[in-house]
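The chain that follows stands alone, in the form predicted on its own, written as structure tokens.
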């Protein structure tokens, strides 16, 4: 074979030499367009448009027996006023340093000691409190105080002024969940310190629940789809409803006897970005496998149980907080007489965007 023939042969399409030439040409092209802040979609398309959800989150559990003394220790190191909010952030092990339990939600354990006040402020993020331990402390929202008990579900709507105080003789610990990562993703976060420790009480304790949570609505008051009319959904009021559902046989095969916290103005979720449920798992309950696109934070309120995930089982008891990542199949199992689970996720935001999906 002549030298010229060899050269032609080495450059044929599909040969190693040709492949190297194509790769080099493409790389040179990518470098040139990079100078103009452009990049080739075909190099990243599979990651941008996956066949099904791919999550960076991992399952995790925080046992209350371990967390409680650590939260209490924080009370010896810093005051509520100094910290503004004395909270230990629950970080997903796969997202350390990002102050989030899922990609869209922040969660933390907040402590307020007897006699303390956590000063008034407000922010763009919506917040919920789910009381884990103690009773008698309060949250004040837009001039209404609500005294909190274990199991209560308390809402602070976005940009609502709020402060916390403890007039009881015992510490209180609650779970905070906020949509902070979502707000910060949109780069739409604002906050404001109100330069006062607490708000003046403008309405009676429990006013919002009496006005809006009793099956009637104040005549002539137009619904506000952003503001939340109810501040506190008391556990003592909601817990008996679960027993009624169980007796009636209204037990979902995956979730047990479950209620949804609702906005009485709209019938929709309690907040636009975060949706919460309370579930009763009857004795011997073994849930069917389930998954959905909303990563969910669970709290064990009563009883004991276990949640089986792909290759892992989380065992939980009262006060324990655990997280199930998006699109990961799981099944709850009750290990005690009666088990109650609280759950909260970003499902309302996903539904508003038309992207929420479940698989049973």
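Predicted model, so just to flag it, every value in this text is computed and none were measured. Residue numbers count along the first chain shown, from 1.
Missing here is the form predicted together with a small molecule; even so, the following discussion is about that form.
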property: Segment assignment from 170-178, 203-211, 267-275, 241-249: heavy atom within 4.5 Å of the small molecule in the predicted complex; result: 170-178
property: 4.5 Å heavy atom contact, residue 255 to the small molecule in the predicted complex; result: no
property: Heavy atom of residue 183 within 4.5 Å of the small molecule in the predicted complex; result: no
property: Interface membership of residue 98, the small molecule in the predicted complex, 4.5 Å heavy atom rule; result: no
property: Non-hydrogen atom contact residue 117 with the small molecule in the predicted complex at 4.5 angstroms; result: no
property: The unique member of 157, 262, 87, 259 whose heavy atoms fall within 4.5 Å of the small molecule in the predicted complex; result: 87
property: Answer option from 103, 110, 124, 199, heavy atom within 4.5 Å of the small molecule in the predicted complex; result: 110
